[in-house]
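One chain is shown next in structure tokens, namely the form predicted on its own.
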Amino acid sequence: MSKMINITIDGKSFQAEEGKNLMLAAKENGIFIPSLCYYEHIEPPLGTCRVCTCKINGKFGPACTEKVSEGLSVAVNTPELMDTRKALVEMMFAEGNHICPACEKSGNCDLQHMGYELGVSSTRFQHLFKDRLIDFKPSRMVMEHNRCIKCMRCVVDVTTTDGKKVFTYQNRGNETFVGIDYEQEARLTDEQALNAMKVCPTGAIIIRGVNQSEPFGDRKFDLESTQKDYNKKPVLTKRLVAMEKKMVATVSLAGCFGCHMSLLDIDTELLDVIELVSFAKSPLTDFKNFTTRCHIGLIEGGCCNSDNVETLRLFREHCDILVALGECSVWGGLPTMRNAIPLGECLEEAYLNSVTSEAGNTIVPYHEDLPKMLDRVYACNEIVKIDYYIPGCPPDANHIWKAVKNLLWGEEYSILYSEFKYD
């Protein structure tokens, strides 16, 4: 029988088996330590992502590589450590091209899930939009390097029946990428190939012909948090003071108008909206100009042309609170899929080389009255100061209305895990 020893986590005493991995010891005692590279059966642990960084006996270190011993003292949830982990995940989103709404792994993605758990609604780092390879050459798989976080899981864990490695690191430093041995990849059984896709914490490894789309509610990270007491806040069910009617403005920039459609889907709360809110400049009212100053401006979509920039600056000028609503306004979203491609090539593809182009057309439309296309799609916070973010594609209707009410009247509210989605 294993010897039980005493450890301390966040000032509380627990017992654990001597020599057990700290991640498992904490989990067994109800302590959530986030990680992206840790897999119980990979020994020794990889320690590559560092999202599990804790303060162990007073020193910063990854929990996944630590074995518990008598008297071990661990700090997990200090404000400094929580912000450090959040920054690490934000860097992963900024460094790759993670277009969650267009990813086959959405809802089953560990990186996306970690964003939920750590409360990432925007990133403090500028997105790089690197032009990375999508490798279609393997016979069984598609390797999407835009989504790879270089956790090393596939390099260590995916082998053929006779033990040959399929994946390996290539290049060094910032140019490191996971390469595939095409010959060994073709020798994987169906089960081994599917396991490779499951081992990947993102959607970097996709098996050809296997549709991973599952309805909302059936996906791994749809409904419940891994954390105990996730995001629980007191909910006021009774209004304490009479609510003053507020003025709201909305606009749709480079996006799909899906956030506005979601806004209209708030069901019976629409009665509250009519009672409590008036709309100024908004596509919901078709008012073209501001006639009064607004308490809150909701911005859907990013900026892809000069007209978007002018409109956004006008909103900043006329609204007390400016909110980026939806993925496209928060960081650029789906329209940023063009950011890794030079603008000239995008225009040629759209107007000269697409299947709907007229035969013989050699002109990209230009007129002084047409808005000028920007070199790339910009998030709204790259143009003006944004006060708050409501991520999602689109955000849930209840999520939007709860957030707007909280901003306008300072009501306390609780957003359900299932409402706080980025896809």
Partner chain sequence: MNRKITIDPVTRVEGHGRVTIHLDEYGQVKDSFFHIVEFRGFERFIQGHPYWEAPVLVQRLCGICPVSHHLAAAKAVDQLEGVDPKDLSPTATRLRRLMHFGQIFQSHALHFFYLASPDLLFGMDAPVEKRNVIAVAVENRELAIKGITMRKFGQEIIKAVAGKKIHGILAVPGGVHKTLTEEERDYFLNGKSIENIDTMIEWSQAIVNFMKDYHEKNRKFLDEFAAFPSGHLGMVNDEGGLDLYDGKLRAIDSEGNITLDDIATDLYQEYFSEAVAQWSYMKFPYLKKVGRENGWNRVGPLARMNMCDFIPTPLAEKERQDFIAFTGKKVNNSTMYSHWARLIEILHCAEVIKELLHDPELMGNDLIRKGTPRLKGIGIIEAPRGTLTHHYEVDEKGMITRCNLIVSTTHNNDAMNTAVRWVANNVISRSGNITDGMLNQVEVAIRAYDPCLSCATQAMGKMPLHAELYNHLGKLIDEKYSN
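Take the two forms, superpose them, and find the largest set of C-alpha atoms that agree within 1.5 Å; that set is the rigid core. Numbering follows the first chain given and starts at 1. Not measured: the values here are computed from a predicted model.
The form predicted together with its partner chain exists for this protein as well; it is not shown, and the discussion that follows is about that form.
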{"query": "Interface segment, criterion being heavy atoms within 4.5 Å of its partner chain in the predicted complex, picked from 111-119, 330-338, 77-85, 155-163", "finding": "330-338"}
{"query": "4.5 Å heavy atom contact, Thr176 and its partner chain in the predicted complex", "finding": "no"}
{"query": "is_contact(Pro391, its partner chain) in the predicted complex, heavy atom dist at most 4.5 Å", "finding": "no"}
{"query": "is_contact(Asp181, its partner chain) in the predicted complex, heavy atom dist at most 4.5 Å", "finding": "no"}
{"query": "Ala102 within 4.5 Å of its partner chain in the predicted complex, heavy atoms", "finding": "yes"}
{"query": "Single option in Leu322, Cys151, Ile205, Cys304 placed near its partner chain in the predicted complex, where near means a heavy atom within 4.5 Å", "finding": "Cys304"}
{"query": "One residue of Leu270, Ala186, Met91, Met243 in contact with its partner chain, assessed in the predicted complex (non-hydrogen atom, 4.5 angstroms)", "finding": "Leu270"}
{"query": "Residues Tyr39, Ser69 and Gly96 all lining its partner chain in the predicted complex, heavy atom within 4.5 Å", "finding": "no"}
{"query": "In the predicted complex: members of 278-314 within 4.5 Å of its partner chain, any heavy atom", "finding": "Phe279, Pro283, Leu284, Thr285, Asp286, Phe287, Lys288, Asn289, Thr291, Cys304, Asn305, Asp307, Asn308"}
{"query": "Core-aligned CA displacement of Glu191 at least 2 Å between the shown form and the other one", "finding": "no"}
{"query": "Rigid core superposition, Thr268 Cα moves 2 angstroms or more between the shown form and the other one", "finding": "yes"}
